[in-house]
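The data below hold one chain only, encoded as structure tokens and taken in the form predicted on its own.
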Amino acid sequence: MEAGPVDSGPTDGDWAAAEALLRGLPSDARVLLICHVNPDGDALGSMLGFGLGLRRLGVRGLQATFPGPPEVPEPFRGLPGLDLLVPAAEAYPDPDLVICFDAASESRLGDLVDRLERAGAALVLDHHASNTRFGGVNLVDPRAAATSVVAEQLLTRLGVPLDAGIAECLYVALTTDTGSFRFEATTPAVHEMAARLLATGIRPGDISRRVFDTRPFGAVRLFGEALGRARLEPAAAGGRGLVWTWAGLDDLARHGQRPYVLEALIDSVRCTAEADVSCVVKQTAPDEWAVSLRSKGAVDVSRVAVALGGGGHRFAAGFTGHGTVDEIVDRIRAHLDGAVIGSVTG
């Protein structure tokens, strides 16, 4: 049974339990690493970086996967550790250990959720405050800027030294979830971790160009269309303002683009000066949409996302919606006033 959301970091007992699980693994143990559907840089980077660390510990039966089509978004196709990836259909059906990365709830594991029941043990690494603690052992730290922070801490406790491969994966994860160190979660500890990763010799300029500054021309044209249909609602969110837009499957097909390109669209919308809350609604199936929410600080968008079946953080959250775009945005509006920081919800 799932527990409620957490608001504090792992206890000494949680860390000890995680270490015991991993130190007790025989070299031939079947270990399945899973990150969430439609993986972003933190999900993939944390999972692959940790997998490379386990390999250095001598664990040989490693597989990494995620639900849905086995397609790695273009910005992440140069990551070390991609040889660990297998399609979801080929993942161990009954692994000795499952380790989940950057997933706030079982629902984010899609069709792979059955591995939790079949596995000998389940470990969760995450940083979402909305995490439901669905693992047998949970390392969930809402204060961490990224799941990669938790992953690096566990590797350090296990005595795994950083090398360039591990560091590149964790650096991609860290920069993705901090918006290249621009978001509120960027603390002195984040920069200290980045310094440790850079000390291995990885090249931050090359990584940033690949992850943030490279986009197909078709995606540029698609973004132009989506931004052209953006709507500003200054009265929404208790007067803090909402800006939103959407992109459908027809848009992707017309411009010859894969769905992953839309993950960056929110960054072009969230800069709107007149709105605290930004939203992008991205079609994934005829009646299904992936919804990204961002806040500049006056609204806790995780409250909205959780109320609508998703999760996330105060400044960044999301959920899966069904129906038309207008119906989905209507549901978001209905929850925004109650998500204003300092408001009282029933």
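Model, not experiment: these values are computed from the prediction. Quick note: we count residues from 1 along the sequence shown, nothing fancier.
Quick note: we don't show the form predicted together with guanosine-5'-monophosphate (5GP), though the next part is all about it.
Listed stretches are 23-31, 316-324, 66-74, 52-60; the contact stretch with guanosine-5'-monophosphate (5GP) in the model of the complex is 316-324, by a heavy atom cutoff of 4.5 Å. Shown alone here, residue 263 lies within 4.5 Å of guanosine-5'-monophosphate (5GP) in the model of the complex, counting heavy atoms only. Contact check for residue 41: every heavy atom lies farther than 4.5 Å from guanosine-5'-monophosphate (5GP) in the model of the complex. For the chain shown alone, residue 292 is a contact residue for guanosine-5'-monophosphate (5GP) in the model of the complex, at least one non-hydrogen atom being within 4.5 angstroms. The partner is not shown here, but in the model of the complex the stretch 104-118 reaches within 4.5 angstroms of guanosine-5'-monophosphate (5GP) through a heavy atom at 108 alone.
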